[in-house]
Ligand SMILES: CC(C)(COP(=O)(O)OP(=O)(O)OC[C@H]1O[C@@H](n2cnc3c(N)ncnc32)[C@H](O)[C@@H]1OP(=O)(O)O)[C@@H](O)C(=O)NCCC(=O)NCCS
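Just the one chain here, laid out as C-alpha coordinates, in the form predicted on its own.
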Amino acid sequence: MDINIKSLESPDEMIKVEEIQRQVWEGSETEVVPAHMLIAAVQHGGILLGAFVDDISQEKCVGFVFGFPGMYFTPDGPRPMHCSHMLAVLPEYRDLGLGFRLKRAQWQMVRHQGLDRIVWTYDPLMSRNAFLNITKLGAVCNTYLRNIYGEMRDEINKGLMSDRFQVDWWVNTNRVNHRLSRRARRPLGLNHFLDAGIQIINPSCNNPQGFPCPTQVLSTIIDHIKNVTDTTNAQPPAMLLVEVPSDFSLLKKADLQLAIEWREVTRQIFEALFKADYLVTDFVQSSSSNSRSYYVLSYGLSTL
(Lines give C-alpha, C1' and ligand atoms only; values in the text may rest on other atoms or scores of the structure.)
Protein backbone atom coordinates (compact mmCIF):
# COMPACT_ATOMS: atom_id res chain seq x y z
CA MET A 1 0.00 0.00 0.00
CA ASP A 2 1.34 3.43 -0.99
CA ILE A 3 1.54 5.71 2.03
CA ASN A 4 2.26 9.44 1.89
CA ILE A 5 2.99 11.68 4.87
CA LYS A 6 2.05 15.33 4.28
CA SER A 7 1.82 18.57 6.24
CA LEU A 8 -1.78 19.66 6.80
CA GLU A 9 -2.66 23.35 6.62
CA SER A 10 -6.06 23.97 4.98
CA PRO A 11 -9.42 24.18 6.82
CA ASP A 12 -10.72 21.18 4.82
CA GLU A 13 -7.77 19.09 6.01
CA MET A 14 -8.38 20.16 9.62
CA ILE A 15 -11.99 18.99 9.38
CA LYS A 16 -10.74 15.57 8.26
CA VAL A 17 -8.56 15.47 11.36
CA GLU A 18 -11.60 16.27 13.50
CA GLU A 19 -13.40 13.28 11.98
CA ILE A 20 -10.48 10.92 12.64
CA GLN A 21 -10.53 12.00 16.28
CA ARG A 22 -14.24 11.17 16.52
CA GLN A 23 -13.66 7.70 15.13
CA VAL A 24 -10.62 6.91 17.30
CA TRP A 25 -11.85 8.45 20.57
CA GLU A 26 -15.55 7.66 20.35
CA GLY A 27 -18.15 8.85 22.79
CA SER A 28 -17.36 12.47 23.63
CA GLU A 29 -17.34 15.47 21.32
CA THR A 30 -15.69 17.52 24.05
CA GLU A 31 -12.42 15.56 23.64
CA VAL A 32 -12.03 16.64 19.99
CA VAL A 33 -9.47 19.36 19.23
CA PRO A 34 -11.44 21.63 16.84
CA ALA A 35 -10.27 22.76 13.42
CA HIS A 36 -9.84 26.40 14.44
CA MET A 37 -7.43 25.41 17.23
CA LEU A 38 -5.45 23.20 14.85
CA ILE A 39 -5.18 26.06 12.36
CA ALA A 40 -4.01 28.52 15.03
CA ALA A 41 -1.37 26.11 16.29
CA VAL A 42 -0.02 25.31 12.81
CA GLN A 43 0.19 29.02 11.94
CA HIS A 44 2.41 29.62 14.98
CA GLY A 45 4.98 26.84 14.85
CA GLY A 46 2.83 23.78 15.43
CA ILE A 47 3.17 20.64 13.32
CA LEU A 48 0.24 18.67 11.92
CA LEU A 49 1.05 15.74 9.65
CA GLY A 50 -1.38 13.41 7.93
CA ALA A 51 -0.95 9.86 6.64
CA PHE A 52 -2.62 9.29 3.27
CA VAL A 53 -3.37 6.05 1.42
CA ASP A 54 -4.87 5.45 -2.02
CA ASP A 55 -8.57 4.65 -1.75
CA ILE A 56 -10.52 4.11 -5.01
CA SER A 57 -8.27 6.37 -7.07
CA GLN A 58 -8.11 9.16 -4.50
CA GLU A 59 -6.05 9.82 -1.42
CA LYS A 60 -7.66 9.29 1.97
CA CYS A 61 -6.33 10.69 5.25
CA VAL A 62 -6.25 7.78 7.71
CA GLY A 63 -4.06 9.11 10.52
CA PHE A 64 -2.33 12.17 11.89
CA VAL A 65 0.15 13.45 14.46
CA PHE A 66 -0.24 16.89 16.03
CA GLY A 67 2.00 18.96 18.29
CA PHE A 68 2.91 22.53 19.17
CA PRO A 69 5.82 24.52 20.63
CA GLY A 70 6.35 24.56 24.37
CA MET A 71 8.90 25.38 27.06
CA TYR A 72 10.72 23.47 29.75
CA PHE A 73 12.84 24.83 32.56
CA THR A 74 16.46 24.13 33.41
CA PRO A 75 18.87 25.62 35.99
CA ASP A 76 20.09 27.85 33.15
CA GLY A 77 16.62 29.12 32.34
CA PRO A 78 13.75 28.13 30.01
CA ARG A 79 14.36 26.21 26.81
CA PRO A 80 12.06 25.51 23.84
CA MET A 81 10.71 22.06 23.04
CA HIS A 82 7.96 20.43 21.00
CA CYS A 83 4.83 19.09 22.74
CA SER A 84 3.42 16.18 20.76
CA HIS A 85 -0.23 16.17 21.79
CA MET A 86 -2.07 13.61 19.61
CA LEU A 87 -1.31 10.61 17.40
CA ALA A 88 -4.16 8.66 15.84
CA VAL A 89 -4.65 6.06 13.11
CA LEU A 90 -8.05 4.74 12.01
CA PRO A 91 -8.61 1.20 13.38
CA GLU A 92 -8.77 -0.47 9.97
CA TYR A 93 -5.34 0.95 9.02
CA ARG A 94 -3.40 -0.06 12.13
CA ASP A 95 -0.49 -2.52 12.07
CA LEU A 96 0.80 -0.93 8.84
CA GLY A 97 3.53 1.08 10.58
CA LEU A 98 1.70 4.40 10.11
CA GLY A 99 2.27 5.53 13.68
CA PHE A 100 6.01 5.01 13.33
CA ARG A 101 6.12 6.83 10.00
CA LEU A 102 4.15 9.78 11.35
CA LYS A 103 6.44 10.10 14.36
CA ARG A 104 9.54 9.80 12.21
CA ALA A 105 8.31 12.63 9.97
CA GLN A 106 7.55 14.69 13.08
CA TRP A 107 11.08 14.03 14.34
CA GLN A 108 12.53 15.31 11.08
CA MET A 109 10.49 18.52 11.15
CA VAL A 110 11.27 19.25 14.79
CA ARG A 111 14.99 18.87 14.10
CA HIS A 112 14.63 21.37 11.25
CA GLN A 113 13.13 23.79 13.77
CA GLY A 114 16.32 23.52 15.81
CA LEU A 115 14.72 21.81 18.82
CA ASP A 116 16.27 18.87 20.65
CA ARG A 117 13.40 17.57 22.78
CA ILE A 118 9.89 16.26 22.11
CA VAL A 119 7.58 15.29 24.98
CA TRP A 120 4.21 13.58 25.06
CA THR A 121 2.06 11.51 27.37
CA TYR A 122 0.46 8.09 27.06
CA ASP A 123 -1.25 5.54 29.29
CA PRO A 124 1.53 3.26 30.62
CA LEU A 125 -0.86 0.30 30.64
CA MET A 126 -1.38 0.43 26.86
CA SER A 127 1.16 -2.06 25.54
CA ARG A 128 0.68 -1.16 21.87
CA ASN A 129 1.64 2.45 22.62
CA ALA A 130 4.52 1.40 24.85
CA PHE A 131 6.04 -0.74 22.11
CA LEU A 132 5.91 2.15 19.63
CA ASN A 133 7.07 4.88 22.00
CA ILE A 134 9.80 3.08 23.94
CA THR A 135 10.97 0.18 21.78
CA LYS A 136 10.68 1.54 18.26
CA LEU A 137 11.12 5.30 18.76
CA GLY A 138 13.63 5.23 21.60
CA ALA A 139 11.79 7.57 23.99
CA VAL A 140 12.58 7.27 27.70
CA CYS A 141 10.54 8.02 30.81
CA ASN A 142 11.05 8.85 34.48
CA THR A 143 7.92 10.96 35.01
CA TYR A 144 4.59 9.57 36.22
CA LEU A 145 1.63 11.97 36.15
CA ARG A 146 -1.41 11.16 38.28
CA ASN A 147 -4.82 11.86 36.72
CA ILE A 148 -3.23 14.55 34.56
CA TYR A 149 -6.30 15.15 32.36
CA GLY A 150 -8.93 14.64 35.05
CA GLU A 151 -12.02 12.65 34.13
CA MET A 152 -12.03 11.74 30.44
CA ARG A 153 -15.34 10.85 28.80
CA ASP A 154 -14.38 9.05 25.62
CA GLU A 155 -14.85 5.29 25.26
CA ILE A 156 -11.14 4.50 25.56
CA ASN A 157 -10.53 6.37 28.81
CA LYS A 158 -13.79 6.67 30.73
CA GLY A 159 -13.99 4.95 34.10
CA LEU A 160 -10.26 5.22 34.89
CA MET A 161 -8.07 7.95 36.32
CA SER A 162 -6.03 9.50 33.52
CA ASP A 163 -2.58 8.54 34.84
CA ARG A 164 0.11 8.97 32.20
CA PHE A 165 3.79 8.50 31.47
CA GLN A 166 5.42 11.67 30.20
CA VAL A 167 8.10 10.50 27.80
CA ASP A 168 11.14 12.39 26.57
CA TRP A 169 12.32 11.99 22.99
CA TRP A 170 15.80 13.49 22.75
CA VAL A 171 15.86 13.85 18.99
CA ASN A 172 19.61 14.31 18.46
CA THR A 173 20.86 11.42 20.59
CA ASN A 174 22.55 8.28 19.29
CA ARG A 175 19.81 6.25 20.98
CA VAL A 176 17.05 7.83 18.89
CA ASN A 177 19.08 8.00 15.69
CA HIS A 178 19.82 4.28 15.92
CA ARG A 179 16.16 3.40 16.49
CA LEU A 180 15.01 5.47 13.51
CA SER A 181 17.73 4.47 11.06
CA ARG A 182 17.01 2.14 8.15
CA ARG A 183 19.23 -0.40 9.87
CA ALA A 184 17.71 -0.11 13.31
CA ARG A 185 18.67 -2.63 15.96
CA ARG A 186 16.46 -5.69 16.31
CA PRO A 187 14.26 -5.41 19.41
CA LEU A 188 15.45 -7.48 22.35
CA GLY A 189 13.20 -10.29 23.57
CA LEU A 190 12.14 -11.13 27.09
CA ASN A 191 14.52 -14.11 27.10
CA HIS A 192 17.52 -11.78 26.70
CA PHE A 193 16.70 -10.09 30.00
CA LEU A 194 15.69 -13.24 31.88
CA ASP A 195 18.87 -15.02 30.76
CA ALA A 196 20.84 -12.07 32.16
CA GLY A 197 19.18 -12.55 35.55
CA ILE A 198 16.91 -9.50 35.37
CA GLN A 199 13.98 -9.98 37.77
CA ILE A 200 10.28 -9.38 37.19
CA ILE A 201 9.22 -7.53 40.33
CA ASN A 202 5.44 -8.00 39.88
CA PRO A 203 4.83 -11.33 38.08
CA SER A 204 1.11 -11.76 37.42
CA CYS A 205 -1.16 -14.77 37.54
CA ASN A 206 -4.30 -15.34 35.46
CA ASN A 207 -7.80 -15.16 36.91
CA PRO A 208 -10.49 -17.72 35.91
CA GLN A 209 -11.40 -15.57 32.91
CA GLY A 210 -7.81 -15.71 31.64
CA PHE A 211 -6.89 -12.09 32.42
CA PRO A 212 -3.67 -11.26 34.28
CA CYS A 213 -4.11 -10.05 37.86
CA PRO A 214 -1.65 -7.68 39.55
CA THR A 215 0.37 -9.30 42.31
CA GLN A 216 2.41 -8.10 45.26
CA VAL A 217 5.73 -6.59 44.25
CA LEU A 218 8.80 -8.57 45.27
CA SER A 219 9.33 -7.01 48.68
CA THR A 220 13.05 -7.77 48.89
CA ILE A 221 13.80 -5.68 45.79
CA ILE A 222 11.54 -2.79 46.81
CA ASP A 223 13.01 -2.76 50.33
CA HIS A 224 16.50 -2.70 48.85
CA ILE A 225 15.58 0.21 46.59
CA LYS A 226 14.05 2.15 49.48
CA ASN A 227 17.09 1.60 51.69
CA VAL A 228 19.80 2.28 49.14
CA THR A 229 19.68 6.05 49.56
CA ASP A 230 20.40 5.63 53.26
CA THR A 231 23.61 3.64 52.76
CA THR A 232 26.93 4.41 51.14
CA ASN A 233 27.89 1.09 49.55
CA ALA A 234 24.67 -0.64 48.54
CA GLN A 235 23.65 -0.59 44.88
CA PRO A 236 20.15 -1.30 43.58
CA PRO A 237 19.69 -3.77 40.71
CA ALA A 238 20.97 -2.32 37.44
CA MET A 239 17.75 -3.35 35.65
CA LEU A 240 14.26 -4.46 36.59
CA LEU A 241 11.22 -5.74 34.70
CA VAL A 242 7.71 -4.46 35.47
CA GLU A 243 4.76 -6.37 34.02
CA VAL A 244 1.69 -4.68 32.52
CA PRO A 245 -1.31 -6.24 30.72
CA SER A 246 -0.69 -7.12 27.08
CA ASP A 247 -4.21 -6.02 26.07
CA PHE A 248 -5.41 -3.50 28.61
CA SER A 249 -8.32 -2.30 26.42
CA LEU A 250 -9.79 -5.80 26.28
CA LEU A 251 -9.20 -6.33 30.01
CA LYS A 252 -10.90 -3.02 30.85
CA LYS A 253 -13.98 -3.86 28.78
CA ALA A 254 -14.29 -7.25 30.48
CA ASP A 255 -13.54 -6.20 34.06
CA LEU A 256 -13.33 -2.49 34.97
CA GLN A 257 -12.49 -3.24 38.61
CA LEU A 258 -9.50 -5.35 37.56
CA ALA A 259 -8.35 -2.49 35.32
CA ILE A 260 -8.58 -0.10 38.28
CA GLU A 261 -6.46 -2.52 40.36
CA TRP A 262 -3.79 -2.55 37.65
CA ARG A 263 -3.81 1.26 37.61
CA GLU A 264 -3.38 1.51 41.37
CA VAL A 265 -0.67 -1.15 41.67
CA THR A 266 1.46 0.04 38.75
CA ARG A 267 1.14 3.66 39.89
CA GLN A 268 2.81 2.72 43.18
CA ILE A 269 5.51 0.72 41.43
CA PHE A 270 6.48 3.33 38.86
CA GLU A 271 6.40 6.23 41.30
CA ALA A 272 8.68 4.32 43.68
CA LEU A 273 11.12 3.33 40.95
CA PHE A 274 11.27 6.80 39.39
CA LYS A 275 11.91 8.30 42.83
CA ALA A 276 14.78 5.80 43.22
CA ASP A 277 16.40 7.09 39.99
CA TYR A 278 15.18 4.38 37.60
CA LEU A 279 14.42 5.19 33.97
CA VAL A 280 12.19 3.32 31.50
CA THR A 281 14.52 2.36 28.66
CA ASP A 282 12.85 -0.55 26.85
CA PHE A 283 9.67 -2.57 26.48
CA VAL A 284 9.49 -6.28 25.69
CA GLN A 285 6.82 -8.90 25.10
CA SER A 286 6.94 -12.65 25.47
CA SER A 287 6.47 -14.71 22.33
CA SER A 288 4.43 -17.46 23.99
CA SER A 289 0.72 -18.03 23.41
CA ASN A 290 0.16 -16.67 26.92
CA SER A 291 1.48 -13.24 25.96
CA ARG A 292 3.06 -11.06 28.64
CA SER A 293 4.37 -7.48 28.42
CA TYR A 294 7.11 -5.83 30.47
CA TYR A 295 8.81 -2.47 30.88
CA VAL A 296 12.57 -2.50 31.31
CA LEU A 297 13.82 0.02 33.85
CA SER A 298 17.49 0.89 34.18
CA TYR A 299 19.13 2.45 37.20
CA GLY A 300 20.74 5.86 36.75
CA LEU A 301 21.11 5.50 32.97
CA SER A 302 21.74 8.50 30.73
CA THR A 303 19.16 9.40 28.06
CA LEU A 304 21.96 9.29 25.48
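Position 1 is the first residue in the sequence shown; the rest follow in order. Since the structure is predicted, the reported quantities are computational estimates derived from the model, not experimental observations.
Note that the form predicted in complex with the ligand isn't included here; everything after this is about it.
Contact with the ligand in the predicted bound form, defined as a heavy atom within 4.5 Å, is made by all three of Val24, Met86 and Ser246. Across the options 39-47, 250-258, 266-274, 24-32, residues that bring heavy atoms within 4.5 Å of the ligand in the predicted bound form belong to 24-32. Taking the partner from the other structure, the ligand in the predicted bound form has no heavy atom within 4.5 Å of any heavy atom of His192. Taking the partner from elsewhere, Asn202 is found to have every heavy atom lying beyond 4.5 Å of the ligand in the predicted bound form. Looking at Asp223, you'd find every heavy atom of it more than 4.5 angstroms from the ligand in the predicted bound form. Taking the partner from elsewhere, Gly99 is found to have a heavy atom lying within 4.5 Å of the ligand in the predicted bound form. Residue in contact with the ligand in the predicted bound form (any heavy atom within 4.5 Å), chosen from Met81, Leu160, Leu132, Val140: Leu132. Taking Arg153, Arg94, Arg175, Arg117 one by one, only a single residue has any non-hydrogen atom within 4.5 Å of the ligand in the predicted bound form, and it is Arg94.
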